[in-house]
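Read the single chain below, which is given as structure tokens and is the form predicted on its own.
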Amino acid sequence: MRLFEFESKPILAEYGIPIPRGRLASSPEEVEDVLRSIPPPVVLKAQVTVGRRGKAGGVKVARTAEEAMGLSRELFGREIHGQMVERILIEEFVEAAKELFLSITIDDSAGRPIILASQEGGVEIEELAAEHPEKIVRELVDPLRGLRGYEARRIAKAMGLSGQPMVEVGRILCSLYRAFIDYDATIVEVNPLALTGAGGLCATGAVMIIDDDALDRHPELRERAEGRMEDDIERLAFRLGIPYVRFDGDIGIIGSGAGLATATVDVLRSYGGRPANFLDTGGRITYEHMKNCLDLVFRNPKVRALLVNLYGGINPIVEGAKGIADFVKERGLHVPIVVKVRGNFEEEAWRILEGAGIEVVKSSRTEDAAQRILERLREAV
């Protein structure tokens, strides 16, 4: 779950990282009220959970109250990378003599946290990383030891800093790492970290993404997660504990496990199919759970076919097969449905599905199932 910037910054402040003075506004009238306590110059930041907001015109500097009011009216209701701007964070303007970049994320290949840092931060950081990777300092962290102070200062020195700024950036890095661990984050980023002419530091831009699977350990964040979901089906799936993402296609997908579900989506696309969703049953292919999964898929009115891909090493796929058969019967579904089932008691599962008139692919190849659902769709036209 990606936090809004107005949510990320107070967390960083709890860890002693300096942030600008700021307040949230949900209307031009509230902007006017904020400007009484935070006089211009100010920065107006559209609150959306997508990247490259600045390049899309979602961050504006206003030198006067009149300019701030005019810019806020332009921002409210504007769409930025598919998200409507409903709130604006208004912050005091911090004059930066230099903009730095600090980030902590997970290096999947190494299975460890990694620190990425540069003395060139700001909106062009993606281009910098692509065109001049040598300007990005990279340091893996041993999760058993954590980040030591001397290691953080060494990274700051490698960024080209010295003296008190080097010491302070090292301290901020250690604080970022603690926040990263404590909040089960996948990314904690400060961009830019403004180095002022007086030598002070301020996190003028911040990003935090929390591991969805860890939200149960952070109930205060979990409550916010459901409320920010705009898609009704994704919101219901979240409530049921079912990983679901809606796509633009017309073939519903159900897979047992994130890897199998992702592979099914990819294989179907490779044959020219258009998946309507990603759905992972997880490790509980029970009768009721399977019916809940099917209900989610068919809540999308675009779905006109279904591909189910199940593997049961320990999962009760027979119960899953019963759930599919009864759901199809109860709903009176007459759309192409192909189910690939392999694993424990697979022959019993095949009999249940075939007895309900559902086509079963007994091959272990997902490619065969994907090709078959596309053939069924063409036959149905």
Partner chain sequence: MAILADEGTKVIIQGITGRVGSAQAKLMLDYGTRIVAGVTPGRGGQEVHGIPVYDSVEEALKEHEADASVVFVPASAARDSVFEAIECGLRLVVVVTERIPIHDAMRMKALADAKGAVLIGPNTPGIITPGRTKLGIMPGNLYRRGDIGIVARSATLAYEIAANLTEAGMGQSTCLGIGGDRVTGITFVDALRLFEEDEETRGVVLVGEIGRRVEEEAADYIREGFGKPVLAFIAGREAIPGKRMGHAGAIIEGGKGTAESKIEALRRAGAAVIDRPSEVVEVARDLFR
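Note that the structure is predicted; figures quoted are calculated from it, not measured. By rigid core we mean the largest C-alpha set that fits within 1.5 Å across both forms. Residue numbers count along the first chain shown, from 1.
One more form of this protein exists, namely the form predicted together with its partner chain; it is left out here, but the text below deals with it.
Annotated contact segment (heavy atom within 4.5 Å of its partner chain in the model of the complex): 106 to 114, selected among 92 to 100, 157 to 165, 197 to 205, 106 to 114. Judged against its partner chain in the model of the complex with a 4.5 angstroms heavy atom cut-off, the residues 51, 75 and 118 are out of contact without exception.
For the options 30, 326, 346, 67, the residue carrying a heavy atom within 4.5 angstroms of its partner chain in the model of the complex is 346.
Residue 367 belongs to the set of residues with a heavy atom inside 4.5 Å of its partner chain in the model of the complex. None of the heavy atoms of residue 84 is located within 4.5 Å of its partner chain in the model of the complex.
Its partner chain is not shown here, and in the model of the complex it never comes within 4.5 Å of any heavy atom of residue 300. Its partner chain in the model of the complex comes within 4.5 Å of no heavy atom belonging to residue 306.
Contacts with its partner chain in the model of the complex, taken as any heavy atom within 4.5 Å, map within 245 to 269 to 245, 246, 247, 256, 257, 258, 259, 260, 262, 263, 265, 266, 267, 269.
Here residue 277 counts as shifted, since its C-alpha moves by at least 2 Å between this form and the one not shown after the core is aligned.
Superposition on the rigid core between this form and the one not shown places the CA atom of residue 204 less than 2 Å from its counterpart.
Once both forms are overlaid on the rigid core, the distance between the two CA positions of residue 342 between this form and the one not shown is 2 angstroms or more.
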